[in-house]
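This document starts with one chain, in the form predicted alone, laid out as structure tokens.
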């Protein structure tokens, strides 16, 4: 799959929740092939100079309009600088990187599970699954209602089930506590595809492990270069040490030493 390094033009930067920004950029005349679950390495110039690139999941891509979207949590100098960009500014982008969710293994009724900003890659995933004729269902969890992201947008695509730690929206508890994960309901799904904090993904996998359903997770291991050179994102698997940035970030949990 072809990778690109380009200065992409910012189209819009919109705050969608506290500490979260939806950034849309134009890919110009580039026509990339992007799989849901892939990511980009982003960098911009700050008053103190160039900061290291940051790996950010690709949230959505419209090939007809040549618009690439990122859902970014503002947590440090680099992500805050990226989110301060305004229309017409340039964003130094290397993309698409890594391997995404396997659409050919999703089946007819996949369950998409997201926690916090982990919902980011699930938008493109849901759209591509629907275009393939599948009927996905989403399950999203957050600490509180204010941290649930783009629920209305996802709800226009497919059914969405919600949990919050404090019970402010949906059921009170973790996403793995949703009735969807009861043995009787879980058996109706063809696969489970997850992105979010590692403890959440492990909890979901524990629910799925006793079934015959494949569970695919997008690991959140720290990645620096994004191209497999620095080796800071190595994870232990049944096949030995693999690089999350190039061999993942999406893995079947059966291959992970969890």
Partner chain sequence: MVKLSVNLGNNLSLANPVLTASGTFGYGYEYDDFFDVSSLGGFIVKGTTLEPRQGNPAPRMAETPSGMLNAVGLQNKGVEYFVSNIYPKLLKYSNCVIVNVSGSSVEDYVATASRIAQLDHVAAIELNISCPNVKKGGMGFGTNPDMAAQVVDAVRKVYSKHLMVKLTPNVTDITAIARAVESAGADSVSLINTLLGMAIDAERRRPMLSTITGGLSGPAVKPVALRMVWQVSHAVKIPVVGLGGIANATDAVEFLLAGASAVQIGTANFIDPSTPARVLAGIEDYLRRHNIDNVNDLIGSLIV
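Residue numbers count along the first chain shown, from 1. Only a predicted model underlies this, so the values are computations on that prediction, with no experimental measurement involved.
The form predicted in complex with the partner chain is left out here; the points below concern that form.
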Should residue 215 be counted as a contact of the partner chain in the model of the complex, where contact means heavy atoms within 4.5 Å? no
Give a yes/no on whether residue 234 approaches the partner chain to within 4.5 Å in the model of the complex, heavy atoms considered. yes
When the contact criterion is heavy atoms within 4.5 Å, does residue 52 count as touching the partner chain in the model of the complex? yes
Whether residue 219 contacts the partner chain in the model of the complex should be assessed with a 4.5 Å heavy atom distance threshold; does it? no
Based on heavy atom distances of at most 4.5 Å to the partner chain in the model of the complex, which listed stretch, 194-202, 64-72, 226-234, 26-34, is the contact stretch? 226-234
Exactly one of 94, 81, 180, 137 has a non-hydrogen atom within 4.5 Å of the partner chain in the model of the complex; which residue is it? 94
What residues, if any, in 165-202 have a non-hydrogen atom within 4.5 angstroms of the partner chain in the model of the complex? none
